[in-house]
Ligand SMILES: Cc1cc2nc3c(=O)[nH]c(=O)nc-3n(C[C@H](O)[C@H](O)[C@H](O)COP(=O)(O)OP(=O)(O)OC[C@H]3O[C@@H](n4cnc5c(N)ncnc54)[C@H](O)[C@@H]3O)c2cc1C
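Only one chain is given next, in structure tokens, and it is the form predicted on its own.
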Amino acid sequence: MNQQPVVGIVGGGVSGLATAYYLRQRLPTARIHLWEASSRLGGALYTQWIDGYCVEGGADMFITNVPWAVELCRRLDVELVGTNPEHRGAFVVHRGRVVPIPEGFAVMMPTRLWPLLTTPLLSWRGKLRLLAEPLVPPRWDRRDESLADFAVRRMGREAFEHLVQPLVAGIYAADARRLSMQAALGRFVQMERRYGSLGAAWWHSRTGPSRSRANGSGSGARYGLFVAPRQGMEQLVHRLAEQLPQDAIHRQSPVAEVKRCGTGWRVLYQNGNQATPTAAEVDALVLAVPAHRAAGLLRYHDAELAGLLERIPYGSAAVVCFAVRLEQLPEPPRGFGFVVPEVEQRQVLAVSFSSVKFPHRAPPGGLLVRVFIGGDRLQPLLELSDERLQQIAWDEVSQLCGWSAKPLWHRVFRWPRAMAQYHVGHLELVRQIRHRLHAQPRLALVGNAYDGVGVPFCIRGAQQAAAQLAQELAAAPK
């Protein structure tokens, strides 16, 4: 171990870049090498500017009720904008029509009675079953269960199929029958354990000593809690990259192999178009790549750890973006978008009106639309061409919204095996991975596969990895 430790980072997404940033904060003398297989940095944060439209190919916002992403943006002087308060609210497709989600219904909890009683989304039987949620006895054992099992048990099948499932699918693109309740929506599990029901937990939040008001107004997701960089999500990527010396970043340099080398690691990577791989020795290593990619790199070094990583499943998705002129529509969109329940048997998961949700996303008179296709049921569609996906997306949106206009342009962004799926038992699987990782000093895993799929959780993982490696390197004999 020398006075200037060398740290290697595999993966140039937001997790890898944030790890590099925090490592430099903790170890200013460290030399960092970051290897990215593609020609661009950012991973799922991918912004394009097209004819004045700010087009997000992947994630387009992050939540603020956890601090890590907001704090990093403030450090880097990334200006954030909130959602448009005039149009907060979401819709859901019901029997081929776009219907408002009851005002005050947030993911799994109704907070207002009248909108629930008057919604056409549920029959009277379904409404009464949902209102009876406080009477359902809690499940006291600690076993994990799926979102579907939890929601049907507490709220009834109608509420699950027409409200809960489409709202959660819009976040995770996951099969609700396999999605882990503890890993994805653990706060609702804790509510049931502490108060006996979700209704009792909501009442306590309004009347108890720690009462809190709902953040923002509207329905569906808690839109008042969401923000985005003014210049698009990739602005955060650029600011992070600017913090590193230019020779620290190696684009188009896929890593082929990692091996133990004394107390550190030896990394073999393809350096541009060179025929033979280049070797680099580092004192510590960060794998900021999907779990299945990390498993491939570690397979011959630690088969047990690789096997655990391979058990984290991944889903694929496509995002179809297009622009239209507002003057060509019968009326402008009234909300941020709509989600599509699985029971509707449509060919899209959700539709977002990006330029209604956030300012500065479209030129005057323009509307930017994003359509999501993927998940288990729609996986076969992803084998189609870009032109066919664009046509499917436009047909679905125009039918559901009653539009006859033609899009000005479209773009298709594909994300194969990019979305970690938190199936039942995910927390136990991650615990086993962490336990096995203790046997590998100076190795860290970061990304959306472990402790949360959103940008803030990736950044928290980067902070933790940087702190762990800085401590291990500082404790090494000089």
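Note that this is a predicted model, so its numbers are computed, not measured. Residue indices: 1-based, along the sequence shown.
The protein also exists as the form predicted in complex with the ligand; that form is not presented, and the subsequent description refers to it.
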{"property": "Heavy atom distance at most 4.5 Å to the ligand in the model of the complex, all of Q165, V168 and G375", "result": "no"}
{"property": "Heavy atom of N448 within 4.5 Å of the ligand in the model of the complex", "result": "yes"}
{"property": "4.5 Å heavy atom contact, V319 and the ligand in the model of the complex", "result": "yes"}
{"property": "Non-hydrogen atom contact V55 with the ligand in the model of the complex at 4.5 angstroms", "result": "no"}
{"property": "Heavy atom of V430 within 4.5 Å of the ligand in the model of the complex", "result": "no"}
{"property": "In the model of the complex, segment of 47-55, 25-33, 431-439, 418-426 with a heavy atom within 4.5 Å of the ligand", "result": "418-426"}
{"property": "Heavy atom within 4.5 Å of the ligand in the model of the complex - residue from V93, V255, M191, I312", "result": "V255"}
{"property": "Residues in 436-467 with any heavy atom within 4.5 Å of the ligand in the model of the complex", "result": "G447, N448, V453, G454, V455, P456, C458"}
